[in-house]
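This document starts with one chain, in the form predicted on its own, laid out as structure tokens.
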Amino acid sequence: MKTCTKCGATPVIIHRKASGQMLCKDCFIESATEKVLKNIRRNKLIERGDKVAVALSGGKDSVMVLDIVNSLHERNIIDLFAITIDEGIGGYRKHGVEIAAKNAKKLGIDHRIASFKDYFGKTLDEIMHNESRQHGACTYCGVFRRWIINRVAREENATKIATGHNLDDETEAILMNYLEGNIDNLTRIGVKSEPKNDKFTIKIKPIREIPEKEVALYVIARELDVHFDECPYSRESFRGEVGRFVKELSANHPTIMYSTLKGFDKIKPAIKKEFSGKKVNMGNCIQCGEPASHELCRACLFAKSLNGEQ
């Protein structure tokens, strides 16, 4: 019978092929938690006195972030609240918003829910049926979500925004941008953002080194309420194709995602030095006042286009 590598107990709930480690439930939870807190300490993601906004979708990734970062809140090291975006996706988002609210309430954390409809006048479903649209769902969703989260975080005086990007997400982002030749985006991938405008709140990725499978196992082992459904639009995306490719590779090469991330982190300073020479003059959007490198920010450009305006 397999026994836990750390304490010798049974049953074992995970065999980490990359390290050979086998862990029981308690040791797995302790190991995953410590790994996230170590990432926070090593990269100075959160410091005493911070007010952290967790971008809480209700999915496993953001619920794990909230659960672990809340341990710092309980020790009075930081202030904490959660933001949930209702994109307006029929048959999908409502349940996620309910789960997010339930998690925040359970921990006694302030929670704000903000919708595409309130800020941009359209749900994501309505955008996808709009004859004026020029992009896929993930492009509109990403731009509008980032705009709202940053706006709400600033209104709440947050000093950091914690997102639920896991190891699979980061590996996919690195490969996607390599494959698309998008060097500018590559220079922005990292554990902590470097804002070019005071109106941008710093974004951090506490679970960046945790594989998606271990995130799922963590929330199950901790018996947390989670929205497990997959966004119906994610299957259309290029990210989805890259994600399937990475998972196939990982089946026979269990360390491939770690090596991709670590290798990228090593060469990133050289990429930044070579390709970040051009300074972007970041001002404010003339329409909404949010940071923008042109007269209008991307969110206002999209909104204008969807309204049939040039």
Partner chain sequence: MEVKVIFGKKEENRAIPEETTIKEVLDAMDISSEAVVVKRNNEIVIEEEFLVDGDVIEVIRVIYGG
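Here the structure is a predicted model, which means the values were calculated and not measured. Positions refer to the first chain, counted from 1.
There is also a form predicted together with its partner chain; it is not shown, and the following applies to it.
Checked against its partner chain in the predicted bound form, the residues E170, E212, D86, D79 give one hit for a heavy atom within 4.5 Å, which is E212.
Comparing 226 to 234, 67 to 75, 113 to 121, 201 to 209 against its partner chain in the predicted bound form, the single stretch with non-hydrogen atoms within 4.5 angstroms of it is 226 to 234. Taking the partner from elsewhere, A292 is found to have every heavy atom lying beyond 4.5 Å of its partner chain in the predicted bound form. Within 4.5 Å of some heavy atom of its partner chain in the predicted bound form lies at least one heavy atom of K247. Using a 4.5 angstroms limit between non-hydrogen atoms, C297 is distant from its partner chain in the predicted bound form.
Using a 4.5 angstroms limit between non-hydrogen atoms, V97 is distant from its partner chain in the predicted bound form. Along 14 to 32, these residues reach a heavy atom to within 4.5 Å of its partner chain in the predicted bound form: I14, H15, K17, M22.
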